[in-house]
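Only one chain is included here, represented as structure tokens and corresponding to the form predicted on its own.
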Amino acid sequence: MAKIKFNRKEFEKEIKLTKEIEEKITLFGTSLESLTDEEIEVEILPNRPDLLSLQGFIKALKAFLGKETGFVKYKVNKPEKDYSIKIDPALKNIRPCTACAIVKGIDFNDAKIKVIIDLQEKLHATVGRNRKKLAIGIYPLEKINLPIRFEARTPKNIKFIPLEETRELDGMQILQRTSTGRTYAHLLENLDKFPVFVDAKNKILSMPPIINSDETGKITEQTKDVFVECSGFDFETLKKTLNIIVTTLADMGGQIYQMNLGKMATPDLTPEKMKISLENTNKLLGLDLKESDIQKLIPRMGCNYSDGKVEIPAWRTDVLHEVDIIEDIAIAYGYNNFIPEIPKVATTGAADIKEKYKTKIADLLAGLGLLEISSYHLIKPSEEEDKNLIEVVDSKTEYKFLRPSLLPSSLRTLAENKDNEYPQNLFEIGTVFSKNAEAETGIKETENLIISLTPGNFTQIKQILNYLTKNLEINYEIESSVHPNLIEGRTASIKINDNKVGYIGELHPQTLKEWNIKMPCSVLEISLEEIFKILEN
């Protein structure tokens, strides 16, 4: 959740606040937290970063209120001479992607500058995962010489005066001697080279995701034209974030210009089209809407609708599936207008037997001091070497495959928490997926258990397996085996009733290095299906 404060005077230039409007703001899904003579504070859900600025919020709320339905169409000008970015191939494993734009003709004042700075920081904290996933830079164009290069340099070859500093520092000194550098130094940890944006006269603009140059990285009331860049790891996320920023600047009176990034240009504000089924909508919402109702409701959520297809504006990052459009329809219809109904069936509720066993296993492990985690079912291609991965159709993110085991999810959790306190002893009970021609869908789903101890060794992880199986009254055997991610000689297969149900061992140093995990780690992963059969009998 993000709580945003808007200047009430600026807000009421567009929408006059009344009791009815205050209620509508909450019904829009943005809780009205407080209201004073000076400010209005609302809570924005993480899935709507396009509402984090006053301009974005007003635009969406006007549509919801029926004042200006559908989405605003912005003119995007083609790149002018030297409006280009050259990307250094050496950034591939450092910070490989960028999306950029130029916005001209903005009449900045204190209020507008505050909106842009607040939007930038909120996007850093939410979409950017505290700058880990993406970082944003906004620069006065008059102080920059085009074209621009995005390149990798050794810390000693990075020298500029950081924002709000008075002396020139090199890359490593910036991390050590500036407040911002110390806060975000972990994002460049263990890298031999750091990313930098450099102009045509070799003047460094910034060292993302850390800090801008004091000379070129600060907009003022005298600024009219700006260069905007987003850098990170997922190009789709960068494009959507850039779209949010440039449309906000356009709402301030700016004119948007594309920049060439080799074979493509950004920003691209072409709306995405998605089919929606009236039957699915009514089934999910329990309503009896007509086509004419859909035509009225969808535009109130800032989208366009025609002939069973929805046009989604390029700054909406939350619409990934038909269900997201149906949720929009529900909001526009009004949750206060839904009539609760008691199902006309007589049933006796009971806990699923497998859920009881899973709860028992979780309680046993929690009693040992292990922390339970829950992770997404999808993984990135780089997280698993299995060539038989099941790919998700039309995935909107870099997570494109169903996980064949829980190991990638567990390693990702350890990698993302490498700077937190140790030991980190984790377990997860979750679903894994494999191809199976006999299954109705061609995909078999099974429940697995994974335990990871960091720091940990084979003896410690085996002691936990002994404790677990003893309390479940299950006998098991182990035999030496190999696993691509574990150390040979410290790896074994786990067998129950002569059936191989999993593996146990210590992570190979190469695996630790690839995931950037600092401590030795032992893991075990078993399928719970065989255990369920034994417990049921």
Partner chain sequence: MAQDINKLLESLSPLEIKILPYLNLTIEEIKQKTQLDNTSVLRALKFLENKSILKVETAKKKIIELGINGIYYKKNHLPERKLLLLLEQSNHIQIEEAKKLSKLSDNEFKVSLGVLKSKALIEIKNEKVSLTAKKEELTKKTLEEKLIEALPLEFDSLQPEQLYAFQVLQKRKDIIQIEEKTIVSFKLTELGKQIAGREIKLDLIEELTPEIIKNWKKNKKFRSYDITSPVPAIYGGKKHFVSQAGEYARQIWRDLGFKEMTGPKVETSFWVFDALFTPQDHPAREMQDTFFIKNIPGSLPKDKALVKKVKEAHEKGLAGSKGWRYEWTEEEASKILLRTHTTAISARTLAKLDKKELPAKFFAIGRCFRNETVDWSHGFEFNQTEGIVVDKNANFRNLLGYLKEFFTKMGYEKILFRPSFFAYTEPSVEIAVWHPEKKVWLELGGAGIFRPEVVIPFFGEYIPVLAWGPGFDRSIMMNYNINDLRQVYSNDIEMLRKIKPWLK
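The shown structure was predicted, so the numbers you read here are calculated from the model rather than taken from an experiment. Residue numbers count along the first chain shown, from 1.
As for the form predicted together with the partner chain, it is not shown, yet the points below apply to it.
Student: Does residue 503 make contact with the partner chain in the predicted bound form, using a 4.5 Å heavy atom cut-off?
Tutor: Judged by the heavy-atom cut-off of 4.5 Å, residue 503 is well away from the partner chain in the predicted bound form.
Student: At the 4.5 Å heavy atom threshold, is residue 26 in contact with the partner chain in the predicted bound form?
Tutor: Close contact exists here: in the predicted bound form, residue 26 approaches the partner chain to within 4.5 Å, heavy atoms only.
Student: Mark residue 359 yes when one of its heavy atoms lies within 4.5 Å of a heavy atom of the partner chain in the predicted bound form, and no otherwise.
Tutor: Yes, residue 359 lies within 4.5 Å of the partner chain in the predicted bound form.
Student: Heavy atoms within 4.5 Å of the partner chain in the predicted bound form: does residue 192 have any?
Tutor: No.
Student: Please tell me whether the candidate spot formed by 133, 363 and 375 is one where all three residues come within 4.5 Å of the partner chain in the predicted bound form (heavy atoms).
Tutor: Every residue of the spot touches the partner chain in the predicted bound form.
Student: If contact means a heavy atom within 4.5 Å, which one of 163-171, 256-264, 101-109, 425-433 is the stretch that engages the partner chain in the predicted bound form?
Tutor: It is 425-433 that comes within 4.5 Å of the partner.
Student: Within 4.5 Å, heavy atoms only, which of 445, 80, 214, 268 is in contact with the partner chain in the predicted bound form?
Tutor: If I apply the 4.5 Å criterion carefully, the residue I get is 445.
Student: Quick one: of 324, 118, 142, 386, which gets a non-hydrogen atom within 4.5 angstroms of the partner chain in the predicted bound form?
Tutor: It is 324 that has a heavy atom within 4.5 Å of the partner.
Student: Pick out the residues of 455-480 whose heavy atoms come within 4.5 Å of the partner chain in the predicted bound form.
Tutor: Nothing in the stretch sits within 4.5 Å of the partner.
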